[in-house]
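Next up: a single chain in structure tokens, the form predicted alone.
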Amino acid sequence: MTSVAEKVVIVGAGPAGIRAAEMLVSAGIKPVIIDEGIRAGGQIYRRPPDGFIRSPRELYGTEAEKAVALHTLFDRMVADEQVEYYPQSSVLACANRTLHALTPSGRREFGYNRLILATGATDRLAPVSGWQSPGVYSLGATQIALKAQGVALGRKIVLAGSGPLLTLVATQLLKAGAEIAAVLDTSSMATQMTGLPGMLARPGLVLRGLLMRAKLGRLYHAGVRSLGIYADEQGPVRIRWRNAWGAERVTDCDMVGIGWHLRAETQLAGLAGCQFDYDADWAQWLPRTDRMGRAAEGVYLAGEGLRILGADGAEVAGRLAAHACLYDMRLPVPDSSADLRRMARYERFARGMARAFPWPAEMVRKTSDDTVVCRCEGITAGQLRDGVDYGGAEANRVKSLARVGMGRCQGRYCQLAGAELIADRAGISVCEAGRLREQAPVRPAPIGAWVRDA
């Protein structure tokens, strides 16, 4: 392995992080890779524990070959000592070109000259009456339980929200033998059709999605409104909803999974000095980069922490970020024109998807005062609106007054809904409401890790 003076650190070992590492290794660099997972693969290609009896085909469906290829590639790089890999390690802070991470052996600092952030995405959640109840999970958590442990989190399941993950998780649960009572999509069929021109940039994926939808049959309902979850001390017992024609329906269940596509995981990008722009299509703040993923001096972004483009897009973004890193180090780089063309096509598809399955802004703005918005702190929509009236229409001021975004998730699950409520109350745009400032630690951390250092 060629010795290179500059130290490169990659955060995340999903498709983007793996492809970035592959390109760096091919250039003679041994990157440090910090990953929260037990093994590499990320969320989309999450690996089950040893001895798990379900095959890759059963776990990943048509993506099984890609998943196995990425797993094999990464395992080989680790075995050949081409990368320095730290699994089950969470980066908590970033300052002065140093990452502060919690590893299985305690807190550790990782200095870097160049940083590639491939931090992925989390569920994008909207407040629904009763969503704070036990037995209500995000779609991502539902999928993790199925992939990692072969567990369906309920005996009679309702999934609600919008986006491709809604259909994917539903079909995966059905294939595993779980009972699905209903799949409730807040996007109407007419709205879904508006995104079709963009989505036809990848017709194969559109066809695959339609085939999945067909497997759901009459379980799937589009244009759903007025969601409300009723629960007792054991968890959900039923969900109330209105169909596209306004008729009220009630579906019995003992578990609910919710999610409206994804939101980019950007806390570390903010701490690393990246700038952000509000993206109206995605209805969220996204990091500002050039076409290769350059975001700040020595900082590169890749994968869904940059743009929600799916696993294929994440792989390409990982290669482009590594390409930019190598170029800035004045090292030889391969031609990236083909990857840039792919990215442009993936971007057209993704924006079509965002238009077809939009963030339910109007539903959020109509949230009743007694509905919990911040599950971590138990703050209701009414309390948030009072904070706007008292302190002004700016996200960080409302946070300081109403505590929305101060919990363990650091606003990951309530920031977007909170901004909608602030904007609606004040009669301003969501962009004008602003975004919450990042704060370290970006994950809950045990005090003992710092006490031992002291």
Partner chain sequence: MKPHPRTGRIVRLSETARPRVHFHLDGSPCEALAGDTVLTAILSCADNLRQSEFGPERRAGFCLMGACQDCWVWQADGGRLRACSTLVTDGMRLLTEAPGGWPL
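In this text the structure is predicted, and so the values were computed from the model without any measurement. Positions refer to the first chain, counted from 1.
What comes next is about the form predicted in complex with the partner chain, which does not appear here.
Peer 1: Is it true that F52, L125 and W131 each have at least one non-hydrogen atom within 4.5 Å of the partner chain in the predicted bound form?
Peer 2: Spot residues vs the partner chain: full contact, yes.
Peer 1: With heavy atoms only and a cut-off of 4.5 Å, decide whether A121 touches the partner chain in the predicted bound form.
Peer 2: Residue-level check for A121: yes, a contact with the partner chain.
Peer 1: Please tell me whether any heavy atom belonging to G135 falls inside 4.5 Å of a heavy atom of the partner chain, as the geometry stands in the predicted bound form.
Peer 2: Yes, contact at 4.5 Å.
Peer 1: Would you please decide whether R57 lies within 4.5 angstroms of the partner chain in the predicted bound form, comparing each non-hydrogen atom pair?
Peer 2: Close contact is absent here: in the predicted bound form, R57 is far from the partner chain, nothing within 4.5 Å, heavy atoms only.
Peer 1: Decide whether A69 counts as a contact residue for the partner chain in the predicted bound form under a heavy atom distance cut-off of 4.5 Å.
Peer 2: Heavy-atom contact with the partner chain at 4.5 Å: absent for A69.
Peer 1: Exactly one of D279, D328, D339, E377 has a non-hydrogen atom within 4.5 Å of the partner chain in the predicted bound form; which residue is it?
Peer 2: If I apply the 4.5 Å criterion carefully, the residue I get is E377.
Peer 1: Quick one: of P104, G177, G204, P332, which gets a non-hydrogen atom within 4.5 angstroms of the partner chain in the predicted bound form?
Peer 2: Exactly one listed residue reaches within 4.5 Å, namely G177.
Peer 1: Choose from 149-157, 340-348, 268-276, 215-223 the stretch whose residues reach within 4.5 Å of the partner chain in the predicted bound form, heavy atoms counted.
Peer 2: Heavy-atom contact with the partner occurs in 149-157.
Peer 1: Let me know which residues along 231-257 have a heavy atom within 4.5 Å of the partner chain in the predicted bound form, or say none if there are none.
Peer 2: E233, Q234, G235, P236, D254, M255 sit within 4.5 Å of the partner.
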